[in-house]
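Next up, structure tokens for two forms of one chain, structure 1 and then structure 2.
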Structure 1
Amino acid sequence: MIPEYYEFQNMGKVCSGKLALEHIPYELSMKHASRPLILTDHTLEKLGMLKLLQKAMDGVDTTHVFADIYPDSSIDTVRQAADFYTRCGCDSLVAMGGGSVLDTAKGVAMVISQDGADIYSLIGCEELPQGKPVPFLAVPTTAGTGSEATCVAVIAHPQKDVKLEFISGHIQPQVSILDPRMTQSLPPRITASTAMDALCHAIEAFSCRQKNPLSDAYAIAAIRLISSHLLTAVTHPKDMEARMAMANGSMIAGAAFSNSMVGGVHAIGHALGGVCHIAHADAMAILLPHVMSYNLDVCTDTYSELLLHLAGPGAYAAANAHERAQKSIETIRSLNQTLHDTCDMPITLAQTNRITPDQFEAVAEKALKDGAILFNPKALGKDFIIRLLKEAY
């Protein structure tokens, strides 16, 4: 189905696989850059990842490092990093880390490209005009957020206690570096939940209101990669093929949902994070089968096709046509159960130990104010959200 009108943007280059890090100097030189600001966090520094990156960037000045980035990136951090960039006379950005580091880097890229404008003045959706080009390379160290391929940055405003959303085609990193060394030390529990976040991005992109032929192609590729390699990545962390499949799946899912948006799982998941501080990836894994069950009657064809990509041609052919959509949901439930048995990933809200039923009302209220709810294929009212939370508890 082709929508009446759609837009799609994915302008990034991808360097994926063995020795990808060693290609950073070449990529920088192609952009006439030689003095990057490296953005990362202290945990990755302690784990030796920063050293690994600096060693790989042979011949490039790697002395300018900003590592004071903490979970839930803030506009203060963006301002400090942008000042540091200017003071050091840097000419490019290399961001190595998870969603928070990459979102901070997107904020810095915006500020620098807009000639030092205050980050708060740049907030908006598709409103930012193209500024001065800032070479920007992203090196993700988790396989989940897909931030390296998205046009979105979420940055907190601690004084106002709100999360600011920046949506612009100009904040997408120009190069994504996917190197197996970056994710091989991720513990199984984190590998599992972040992969479910990525799978959720792909499934929501494949079924939400803004889906289009291009986002479908990306979503299907991501679903296939993630579903066929996730268990291996969890049980055999050093399996390079599985790790690269997860890194690629996450990045491709990021490109899909950046264009087609996400839906009810994310709207409720964001609210669970805001009200109860449930980790985003855990919320995604828990909610996905419940929201899919809710959407089933309007997504029967989509979820039927999903079975082919999730479970493969054998399972698809073996299922009766009218059972396939339901089987897709069962496949997600059984994947969740296996991950719970293997590495203790929570599959009910109660197992997170962060929420009690008296908070459901507040969560539902907050979810209704989340923009992602607009893209869910079926209207989600407050009563339904509360019912869904009860089921997921």
Structure 2
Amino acid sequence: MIPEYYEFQNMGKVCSGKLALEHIPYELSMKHASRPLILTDHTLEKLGMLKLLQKAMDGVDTTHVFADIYPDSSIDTVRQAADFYTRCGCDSLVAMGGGSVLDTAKGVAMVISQDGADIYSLIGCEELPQGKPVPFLAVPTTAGTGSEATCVAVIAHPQKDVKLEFISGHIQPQVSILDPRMTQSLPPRITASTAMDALCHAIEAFSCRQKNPLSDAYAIAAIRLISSHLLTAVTHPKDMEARMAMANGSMIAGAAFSNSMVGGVHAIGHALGGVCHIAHADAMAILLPHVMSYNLDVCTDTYSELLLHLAGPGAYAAANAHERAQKSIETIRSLNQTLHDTCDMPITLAQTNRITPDQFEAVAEKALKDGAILFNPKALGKDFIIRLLKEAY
């Protein structure tokens, strides 16, 4: 069903494939930029990825690097990086990393574009004025967050044990660089959980309250790419076709959910990250089948169609829509189990070793305040969230 009204934005350029990194100097020159701040993390620096990026950026000043970015990057990190950008006289951003690095870069772009405004004052949905332009190129090193294609940033506020959401078309990277060299060294465990993060983005985009024909098209393409290449990427990490399929699937899923939004999986997952510091991708994989089961009675037709894109026409031959919908959830559970058996990806909250049942109430209270909960296809109350956490434990 086509909604009475919807909006869709995806204005970023994509450079995808072999030697995509080497296109960065040209893309910067087209934006009259030559002195970028490179944002990354120390792990990627130690792995030699920073040197690879700098080598590819021939003719560009690559001396200004901010690598003090850690998982669940915070508003404090954003402030430090923005100050560094100003002190060094930089004129653009090149962010290489996973979701924490890319979201940090979005935060820096917000602060710089608003002439040094306090990042906390910019929180909200479509509240950010355009400000001055900041050329921003994103180089993802995981195939999971899709942050390179989204208008969303999630940045932690450590003092409040919460993750803040910023939503604005003005924070989307202008250029996304998808290069197979960036993900081929990812270990199987990280490949698995980040892939499930991307799959969760696509499934929630396809089933949430704000879905629309364009977001559906992107979500379906992402689901097909990810579901058909995920296990190959985990078990044969040097397979470049699988790696590129996952990178493109993650980016496309990001474009989908950036426009349709997500739902209960993300609302609870953000709360788990804020309260218990459970890795976002792990939370997505663990929660997805549980929230889908909760939504089943209002998502029967959607989950029925989902099976076709998850598992192909053969699986779709189930007798009726309800059986096909249930089979979609079973497919996700089976995939999680295979990834757990293959590379020890956690499939219960207990397996993360970061949460105890006495924290469920605090998580539920945080989840109820998360914006994503508004878009879940079925209303979620505190008691139901606690029940889901118990089931997932």
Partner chain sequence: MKRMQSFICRIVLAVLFRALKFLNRKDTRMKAGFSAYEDGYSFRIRAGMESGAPVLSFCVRNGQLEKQSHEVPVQLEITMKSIPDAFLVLTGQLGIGASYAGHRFFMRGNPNEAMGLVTCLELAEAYLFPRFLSRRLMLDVPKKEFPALLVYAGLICPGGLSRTGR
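Sequence positions of structure 1, starting at 1, serve as the residue numbers. Rigid core: the largest C-alpha set superposing within 1.5 Å between the two forms. Computed from a predicted model, the values in this text were never measured in an experiment.
Does the form predicted alone correspond to structure 1 or to structure 2?
That would be structure 2, which is the form predicted alone.
Verify the C-alpha shift of H157 between the two structures: is it 2 Å or more after superposing the core?
It does shift by 2 Å or more.
Comparing between the two structures on the rigid core: C-alpha of G274 shifted by 2 Å or more?
Passes the 2 Å threshold, so yes.
Cα of L52 displaced 2 Å or more between the two structures, core superposed?
It does not, since the L52 C-alpha is displaced less than 2 Å between the two structures after the core fit.
Can you give the C-alpha shift of A319 between the two structures in Å, rounded to one decimal, after superposing the rigid core?
The alpha-carbon displacement, core-superposed, is 5.6 Å.
With both forms fitted on the core, how large is the C-alpha shift of R354 between the two structures in Å?
So the C-alpha of R354 has moved 2.4 Å between the two structures.
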